[in-house]
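One chain follows as structure tokens, the form predicted on its own.
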Amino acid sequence: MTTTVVVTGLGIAAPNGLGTQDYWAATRTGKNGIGRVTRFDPSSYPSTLAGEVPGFVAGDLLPSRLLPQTDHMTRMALVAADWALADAGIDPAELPQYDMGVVTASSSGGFEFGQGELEKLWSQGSQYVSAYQSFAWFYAVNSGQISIRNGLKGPSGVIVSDEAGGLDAVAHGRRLIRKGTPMIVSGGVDASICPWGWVAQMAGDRLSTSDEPTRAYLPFDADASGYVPGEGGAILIMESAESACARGARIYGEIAGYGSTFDPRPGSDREPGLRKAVELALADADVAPGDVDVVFADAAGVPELDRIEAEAISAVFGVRGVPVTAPKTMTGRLYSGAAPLDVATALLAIEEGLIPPTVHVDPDEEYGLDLVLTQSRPAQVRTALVLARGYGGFNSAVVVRAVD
């Protein structure tokens, strides 16, 4: 019999709310977290807006010994993991060492830390470069630091597939639990709002250059012209339903289905892979399209990519056949942190019985989507589909559903 894998803890750091309670209060009411970049002076760059996590003071939340060895991204991941474990009612010190592993996603690694050390190398010399540079920049650093801080020696790793990676990490966590690891810390937190990271993001030629926070990121809108990047994400505690029930844990919902594909090479006549990823996820969950109550869209904000996603959704569910939402219009695209945040949001939507809104968007009717706009829509949400795509052709889909 296949093991049912559930989520029992959430830890969130997002541009419109720090902590699960603040994030959900903001998201359900459509609060915007996008504004002018403050982590550096963006005035000399074409793109000046980002979603930055407010009020995060690492020194108030982490031991001082961790600060010299960690990037801003990792500090947020460590705190989110602390919150998620507390939310799940788990004290890792009370677990056998090999009973819990860590699988996170990363898109860029510790860019801000790396930039600081490169500046020292160029301006002062190699003897001034921190030894911590050897790992603080690395894609796997969040998994490693969470594991070390909590003494977790179970199967661990990192998934690198851009924005799709957040779902891929959750799916790999589910796979490890089904293979016998009792509990997994999963999700993703990203942050590369620094000049070096900014230039790297601009190279993809998809960043919005609008300086209006409410008009810069407009997926499925005729005025869409790119996306706004952001920082943050979500960490999830996953375990078998049997384990969760045995210890009387609160269960947010089940990770019920997963599908992933890779797009064909550019210029081929083959169909993009997103629709197939959706179909695979629904089949894995044994769910019919009519059973899905809401789709959390990838929402690229790039007209051609929006068209591909809209066509995939309509092909599976019918034109305006299912409510669609993109709460990331409040936060910007958080790279590997975006999809875990959408999974957390879907679970909170299931719990409260409402679909959070897509903000600022005037939808182009040609897309044929039933977008939830402006304010939350009350609904009985039992099953949700979360979509994510990564630069270069990654497509992933996850089905989450309520557990009776």
Partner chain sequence: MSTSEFTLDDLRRILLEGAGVDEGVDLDGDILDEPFEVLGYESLALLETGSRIEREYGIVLDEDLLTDADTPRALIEAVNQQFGADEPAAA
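Residue numbers count along the first chain shown, from 1. None of these values were measured; they are calculated from a predicted model.
The next section is about a form of this same protein that is not shown, the form predicted in complex with the partner chain.
Although the partner is absent here, Tyr132 lies within 4.5 Å of the partner chain in the predicted bound form, judged by heavy atoms. The partner chain is not shown here, and in the predicted bound form it never comes within 4.5 Å of any heavy atom of Thr374. Heavy atoms of Gly353 never reach within 4.5 Å of the partner chain in the predicted bound form, leaving it off the interface. Using a 4.5 Å cutoff between non-hydrogen atoms, Tyr98 does not count as a contact of the partner chain in the predicted bound form. Of the candidate stretches 360-368, 58-66, 338-346, 375-383, only 58-66 has residues with heavy atoms within 4.5 Å of the partner chain in the predicted bound form. Among Arg149, Arg320, Lys153, Arg215, the residue placing a heavy atom within 4.5 Å of the partner chain in the predicted bound form is Arg149.
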